[in-house]
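The chain that follows stands alone, in the form predicted on its own, written as structure tokens.
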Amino acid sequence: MQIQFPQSFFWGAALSSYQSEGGNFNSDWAIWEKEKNLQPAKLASDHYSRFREDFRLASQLRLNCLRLSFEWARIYPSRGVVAEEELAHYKEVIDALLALGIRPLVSLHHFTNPIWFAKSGGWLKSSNIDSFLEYVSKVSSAFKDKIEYWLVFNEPLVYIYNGFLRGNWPPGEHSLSSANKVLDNITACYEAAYQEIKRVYGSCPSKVSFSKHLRSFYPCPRFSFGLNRASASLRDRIFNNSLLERIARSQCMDFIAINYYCKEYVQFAGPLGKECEHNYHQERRNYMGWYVYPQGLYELLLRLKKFNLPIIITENGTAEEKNSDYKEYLFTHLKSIGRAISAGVDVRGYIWWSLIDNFEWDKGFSPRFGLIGIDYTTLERSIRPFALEYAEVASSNKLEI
């Protein structure tokens, strides 16, 4: 059996600046690593210096798009101060991609903030929104003739959940009221950023959205008088639906960008519940301990059809130890996308996380998500075998199953 994808389909991979570039010492994560004695990013994968090599490898893999991010703290090392040399660096980055015929999708915020912004109250203060909008205006003006697709924020609810509820990311809070305040500020900022990019671009083509993390929530099968099911349903409504519906009402979304990785079993622990800690489940887990569930991507794509917007999967991927597991994950998720397209869902592209192995936040360097492996002693790059099979799909627009 063969699945045929649209001729204009985006086949890509993703990167984020802090996780891959190295040397982002003006970002709040650099301070956090020291405070919490975490493995530091330091040089990361040295993509900042080796971006041309990485892009050549992406081209060898027949990718036609790449999702990357700009580091706000590099471009604005101090409030209101633009580092023109860093802006010039990102122009070289984008030009290198375009020269290879690879379309850039650029994220403006991928979890990290400048230290000066964090110290001034960060996203807890609505008065700080203007600083981010200044950055948005500057960057979109500088790249309006080079970049069509913008992702203003990456996974805002993941950022809020880890930074303001769980407290395992900066700024390390455990406050529902703070989380709600940040959500309101980021939502307002996103809508204002959308309008600013549209103003800057005028009649020039622009597509603006944000990457939304989605997860398949299922109740823990342990008997709970229906409480586990209620918690799973609430998590689905809050973490999967609410923000998308809120932004859709504002009509500030040109396409839906989703990141999908796994299934989560939910057990009751208060109304919102928590991830099930019991090993009752027989499904395969990846290196991260995540339940692999490609059917969930199909189910969620069908649900997104109601928004009547094009969809790009801006992250999907896995960390494994065996090539066969990478291949199985990739092909089963592509099959789910093919099924969704056949069911009338307007999916325009698929982007694997990640192009190269990189720094995975509080998990450090041990998880390996890359199409391209990194030897962190020598920083030598090597294409993983499953990536070559991905290249065959990307070059033919066909999946043999």
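Residue indices: 1-based, along the sequence shown. Keep in mind it's a predicted model, so treat the numbers as computed, not measured.
Missing here is the form predicted in complex with a small molecule; even so, the following discussion is about that form.
Practice task
Go through 372-380, 331-339, 358-366, 35-43 and give me the stretch that gets within 4.5 Å of the small molecule in the model of the complex, heavy atoms only.
Solution key: Going by heavy atoms within 4.5 Å, the stretch is 358-366.
Practice task
Please state whether all three residues F9, D254 and R348 have a non-hydrogen atom within 4.5 angstroms of the small molecule in the model of the complex.
Solution key: Not a single residue of the candidate spot has a heavy atom within 4.5 Å of the small molecule in the model of the complex.
Handout entry: Close approach of F111 to the small molecule in the model of the complex, 4.5 Å, heavy atom
Key = So F111 counts as contacting the small molecule.
Practice task
Although the small molecule is absent from this view, report whether W353 comes within 4.5 Å of it in the model of the complex, heavy atoms only.
Solution key: Yes.
Practice task
Decide whether H213 counts as a contact residue for the small molecule in the model of the complex under a heavy atom distance cut-off of 4.5 Å.
Solution key: Close contact exists here: in the model of the complex, H213 approaches the small molecule to within 4.5 Å, heavy atoms only.
Practice task
Flag Y261 as yes or no: does it have a non-hydrogen atom within 4.5 angstroms of any non-hydrogen atom of the small molecule in the model of the complex?
Solution key: The answer is yes: Y261 has a heavy atom within 4.5 Å of the small molecule.
Exercise for the section: Could you work out which of N228, N154, S209, S140 is the residue within 4.5 angstroms of the small molecule in the model of the complex, going by heavy atoms? Expected result: Exactly one listed residue reaches within 4.5 Å, namely N154.
Problem - Single option in F307, F239, W116, W290 placed near the small molecule in the model of the complex, where near means a heavy atom within 4.5 Å - result: By the 4.5 Å heavy-atom cutoff, the listed residue in contact is W290.
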